[in-house]
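Consider the single chain below, provided in structure tokens and representing the form predicted on its own.
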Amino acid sequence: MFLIGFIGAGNMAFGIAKGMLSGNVLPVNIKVSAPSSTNLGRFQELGMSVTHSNPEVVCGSDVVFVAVKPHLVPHVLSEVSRHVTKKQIIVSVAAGVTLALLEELLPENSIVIRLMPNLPCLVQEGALLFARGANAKPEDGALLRSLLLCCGLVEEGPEAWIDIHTGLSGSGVAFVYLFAEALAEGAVKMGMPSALAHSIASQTVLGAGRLLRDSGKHPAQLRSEVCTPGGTTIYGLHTLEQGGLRASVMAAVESATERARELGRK
């Protein structure tokens, strides 16, 4: 059984770790480090070991997830670099931090993978994309995929796609929440109680997403199946188009992607 380590105890680390527990990883095989105890309690409640020592995590792990804020990555890797071996897999989930920089900060020939998850990993419905570094072999990618499968959809691609995935899915989750909030507020405006409106809006988003995923149909096809000539839906869609929804969403993905790229250049 592989030993898994997390440097950082934020939501992404917790979501990934929790997803792994749904698979074949035992909590006793996971160790998490963070400078304070603020977020460590929830890991302990699930049976995972915790520490304030990053080197301790690295020395006791086969796969290490670096799950800290992007600006902290150089400091963290300089702290643990001398403990990293050529057999370990180092997985970074820091937005914008490139494989080239990671490999520069780590010992020569280190196995590095860049991963971008998203918040629904917390409920095992995440969308995760990873890219392998120069020394990471296909079997290293296969191992990571096997560890993450219970977190949701796991795909591999070139590094250039990682920042796009950040805009599409990492940030895209918040875009969907905003849309769900607006749906509910529209219903409240028309007279529905707030709690009921938000409950129905969340179920609407969930149901639409599952149907889109499971049917394999293009979104435009499913949209057309809801519309009837002269019906309520086409009137509502016309209003959304007048408001520029489609262009605004595309621009939001572009803006988030560019910001991820900016972070990588800093």
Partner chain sequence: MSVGFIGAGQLAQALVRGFSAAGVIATHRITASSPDTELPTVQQLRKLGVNFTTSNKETVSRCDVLFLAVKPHIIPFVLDEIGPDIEDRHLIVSCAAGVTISSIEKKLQQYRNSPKVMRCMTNTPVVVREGATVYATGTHAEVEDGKLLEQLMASVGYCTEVEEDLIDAVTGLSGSGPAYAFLAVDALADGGVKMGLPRRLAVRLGAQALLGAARMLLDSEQHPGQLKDNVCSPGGATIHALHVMESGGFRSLLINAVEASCIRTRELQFLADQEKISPAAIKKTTLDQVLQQPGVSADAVGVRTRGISVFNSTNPRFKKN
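Residue numbers count along the first chain shown, from 1. A quick note: this is a predicted structure, and the numbers were derived from the prediction, not measured.
We do not show the form predicted in complex with its partner chain, though everything after this point is about it.
Peer 1: If the cut-off is 4.5 angstroms on heavy atoms, which of these, 221, 199, 36, 232, is the one near its partner chain in the predicted complex?
Peer 2: Of the candidates 221, 199, 36, 232, 221 is the one lying within 4.5 Å of its partner chain in the predicted complex.
Peer 1: Could you check which residue among 52, 213, 69, 238 gets a heavy atom within 4.5 Å of its partner chain in the predicted complex?
Peer 2: Exactly one residue meets the criterion: 238.
Peer 1: Using heavy atoms and a 4.5 Å limit, would one call residue 242 a contact residue for its partner chain in the predicted complex?
Peer 2: Residue-level check for residue 242: yes, a contact with its partner chain.
Peer 1: Only one of 222-230, 36-44, 55-63, 205-213 gets a heavy atom within 4.5 Å of its partner chain in the predicted complex; which is it?
Peer 2: Going through the listed ranges, the match is 222-230.
Peer 1: With the partner left out here, which residues of 238-261 have a non-hydrogen atom within 4.5 Å of its partner chain in the predicted complex?
Peer 2: Going through 238-261 in order - heavy atoms within 4.5 Å of its partner chain in the predicted complex - the hits are 238, 241, 242, 246, 247, 250, 251, 254.
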